[in-house]
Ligand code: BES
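One chain follows as structure tokens, the form predicted on its own.
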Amino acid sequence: MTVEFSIKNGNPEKQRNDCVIVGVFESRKLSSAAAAVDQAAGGYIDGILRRGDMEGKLGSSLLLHSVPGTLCDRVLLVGLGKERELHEREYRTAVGASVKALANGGAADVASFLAELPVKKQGIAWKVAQLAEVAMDSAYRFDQMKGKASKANKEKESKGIAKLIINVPQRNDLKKGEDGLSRGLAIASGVSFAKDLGNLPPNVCTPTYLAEQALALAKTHGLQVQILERADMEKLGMGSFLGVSQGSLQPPKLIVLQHKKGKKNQKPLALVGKGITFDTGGISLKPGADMDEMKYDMCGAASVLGTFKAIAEMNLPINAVGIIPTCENMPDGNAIRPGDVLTSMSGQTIEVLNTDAEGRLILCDALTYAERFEPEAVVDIATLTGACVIALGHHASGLFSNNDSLAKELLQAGENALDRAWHMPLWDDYQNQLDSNFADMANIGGRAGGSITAACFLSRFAKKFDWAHLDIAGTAWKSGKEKGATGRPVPLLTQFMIQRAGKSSS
């Protein structure tokens, strides 16, 4: 369901809403908004807390009805944890808990006073932006592929927040709040777009579909777009990219998006996203179990499209180019084989030892193509290696770079956006694992340091610019009961763009 947001400055006890959200710290200490409600209620909330119904543990909640002295129907108390430990992540946890607590109830018109909480080093704009992002994330549903009857039943049962008023402490905070809200909603919009693309089945989200989505995005948001077809790639000599695509009936596409809102002489930032819309592994066929999750192998491409949606909605004053090589990796009779040698657009030759190491084969030609834009920096984003999941789990994306200052910038963007990455080594010591007797390089370097040798492979095609690689294999989607795309790293990439555009992050 969609949520309507607004920014106001008001008193919690005077709100005529279905519900007012206020916070409680551990040891039953009331936040300033909760204290105001309690005072109007003649100590009613304090009395409930004293009876032991809530301690204030982070993420806990308690819904109260018909609180005396208030004009709202309900008051939701949200646990904030220890006051001195209320940092960025704890704040997001509390906000998420508040939205989830009302997700299946009758409170549709809600006023939240959580943006008034003191989060160290963060101002009103950041708190409002995060509140909007978390609320939108919690409200996200993917039911596009469900039947009409199922959708109709869901709509009848639809409950939760429809209108969310975010209160700020002072009237002179309203402008900062509005700025934070517009930023948060733009990032949330980009994340939702990336999630939708990732969650679509591979018989719908084909390379052609991704190209159509890019064209629609460009038309709606005033971006420039170009779609290169197989014949165009043949003329460019993209033998590596075309090698991967040759086993599929789906035609490959090279999508090129441009956001030109910076100064004319400003070099663009380039984002390159891996767009394998389904990855069987090719002739080096993957095991059947969980292969359905290989529809997520285009989440790098989805994150580029999501980021461009976000920066376009913010009208960010920056020049940016998005390059998306997209195809399927299938085991057709025409598919590439282990032992084949491909000639990349750069002229470097590649011995294919494993056809399931295909992401780097399409990215390398896209990186060479990026040279024509004379970019200020290039960041590629890819669900590249299972080895990165083993190394970092599902919490941090792997970050590799040929420029330490660029790496630090991306790490900081990830910290600010709470979409974190971890700087991995890219030492020359690893390069000889890619040695081949029959070509300039092999496409794999063995099991040891698999995510690093994959990055080493890409680095050979990124020598003409500052470059970073984000391996999002562990962060782009969740498995199990909560199976679905996460939309990461759209927040990190958008924050990186904001920083480059010279915008304040708070």
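Numbering starts at 1 and follows the sequence shown. None of the values given here were measured: they were computed from a predicted structure.
There is also a form predicted together with the named molecule; it is not shown, and the following applies to it.
Of the heavy atoms in Thr383, some are within 4.5 Å of the named molecule in the predicted complex. Put simply, Lys309 is far from the named molecule in the predicted complex: not one heavy atom of it is within 4.5 Å. In the predicted complex, Ala462 stays away from the named molecule, with no heavy atom inside 4.5 Å. Although the partner is absent from this view, Asn354 contacts the named molecule in the predicted complex, with a non-hydrogen atom inside 4.5 angstroms. For the three residues Leu257, His259 and Phe496, a heavy atom within 4.5 Å of the named molecule turns up in the predicted complex in no case. A heavy atom within 4.5 Å of the named molecule in the predicted complex is found for exactly one of Ala468, Cys456, Ile444, Ala34: Ile444. In terms of contact with the named molecule in the predicted complex, the residue from Glu133, Asp365, Asp419, Asp279 that brings a heavy atom within 4.5 Å is Asp279. With the partner left out here, the named molecule still marks one of 286-294, 209-217, 367-375, 404-412 in the predicted complex; by a 4.5 Å heavy atom cut-off that stretch is 286-294. In the predicted complex, the residues of 456-485 lying within 4.5 Å of the named molecule by at least one heavy atom are, in order, Ala473, Trp477.
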